[in-house]
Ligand code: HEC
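First, one chain by itself: the form predicted alone, in structure tokens.
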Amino acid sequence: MLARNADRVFVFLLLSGLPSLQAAGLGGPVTFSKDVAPIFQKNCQSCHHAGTSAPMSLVTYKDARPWARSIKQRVVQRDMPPWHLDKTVGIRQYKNDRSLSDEEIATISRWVDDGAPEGNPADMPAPLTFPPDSQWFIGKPDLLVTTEQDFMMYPKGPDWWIDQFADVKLDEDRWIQAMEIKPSNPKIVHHAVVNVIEPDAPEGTPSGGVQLHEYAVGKYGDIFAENTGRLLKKGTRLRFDMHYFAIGSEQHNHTTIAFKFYPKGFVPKYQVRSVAIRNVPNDELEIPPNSVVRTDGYYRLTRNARIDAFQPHMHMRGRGMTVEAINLDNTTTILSSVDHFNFNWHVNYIYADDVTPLLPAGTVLHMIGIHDNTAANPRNPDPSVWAGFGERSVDDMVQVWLDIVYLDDAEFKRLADERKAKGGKL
């Protein structure tokens, strides 16, 4: 809906998915201890506990009660937890789905509307323990690679783009099972893109290497599907494409990428690649003042493919993005649609194994981006000015990262037949 009707984006956002309290079956009193705390434990407390960058803890009633009205507003609008998919279209099952159900939203709403009562403290679930905020989302790494020199950002001035480097210390080639990038000082980092410069790169490979992984605000690491990985070669040099911005005081940063490997000697069956779909050329992105604009991009699959993950990338005027498949019979199938993009959370949506899109060679992937350059967009830096493609946060972008596994005809047929036998869709 959002993808095809940019002019109706605001009506959609206002009316989509408001939960029904009657449907949730909440007949008795709703209390924090019995009803709300378990939801917070499952969906919220991993970020909202003492010692994290979250603005409040949601571990105890005392922590959460002053924020009750704000909590209701954010969950009803589906701003929190950060999961910005339109749940009414496309693929519905994801490995990393952290969203609240309609029933959970209704429970929180009812709790707030009834005065946010604590209830019986004896009903509280056992408290959780949390790893340090510095711990890696992908788990304990096998290898850490950090930029060679500390970087100093000046207190005031324009954004700064710089390449930083580091060497990979490996005795042999290894297959990556998961990876994650962390800046030591995320307050000044807009993005970090890590490229691999391989010792035996084929002729024609860019001198700056090929992309391996990206960090953006609110993004966790990549954890690949079973028996799927990327090869990291012995002797590789990493180029960290860094984008910094000033915050009023001198700041320092170094950036680290963490790797988890498959066991030595193990070669995964599938090799995954990170592919970006964007509008080409970039200067086609035009967002006039006080307007809502749609932009399209296309990517033709020259080989059979399995799509493992979907991650939109826009800046502060970005409001929505859809990826659909234009099939060989000229029909279209929506794969995923983000209808309330938030620049503060670059979420990589990882498809569940039994619903990963299986697409034959010749399929065209169609990206549809929506930018909102009006005063109705609360993150818009200035609706009175024209915006276009640019690296700064006050500029904008429109692209989607896809994790793609290419398949030969025999393997594609095998996976497709297995899916059909289970009653699933390709």
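Sequential numbering from 1, following the sequence displayed. The structure displayed is predicted, hence computed values, not measured ones. Only the largest set of C-alpha atoms that superpose within 1.5 Å between the two forms is called the rigid core.
From this point on, the text means the form predicted together with heme C, which you will not see here.
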query: Contact flag, residue 43 vs heme C in the predicted bound form, heavy atom cut 4.5 Å; finding: yes
query: Residue 67, heavy atom within 4.5 angstroms of heme C in the predicted bound form; finding: yes
query: Contact flag, residue 370 vs heme C in the predicted bound form, heavy atom cut 4.5 Å; finding: no
query: Proximity of residue 178 to heme C in the predicted bound form, heavy atoms at 4.5 Å; finding: no
query: Segment assignment from 355 to 363, 384 to 392, 51 to 59, 397 to 405: heavy atom within 4.5 Å of heme C in the predicted bound form; finding: 51 to 59
query: Complete contact of 276, 297 and 325 with heme C in the predicted bound form (any heavy atom, 4.5 Å); finding: no
query: One residue of 309, 232, 188, 80 in contact with heme C, assessed in the predicted bound form (non-hydrogen atom, 4.5 angstroms); finding: 80
query: The unique member of 196, 145, 100, 106 whose heavy atoms fall within 4.5 Å of heme C in the predicted bound form; finding: 100
query: Large Cα move at residue 215 between the shown form and the other one, threshold 2 Å, rigid core; finding: yes
query: Core superposition between the shown form and the other one, C-alpha change of residue 159 at least 2 Å; finding: yes
query: Shift of residue 299 between the shown form and the other one at or above 2 Å (CA, core fit); finding: no
query: Pairwise C-alpha change, residue 218 versus residue 376, in the predicted bound form against this form - closer or farther, 3 angstroms or more; finding: farther
query: Closer or farther in the predicted bound form: C-alpha pair residue 82, residue 191 (3 angstroms or more); finding: closer
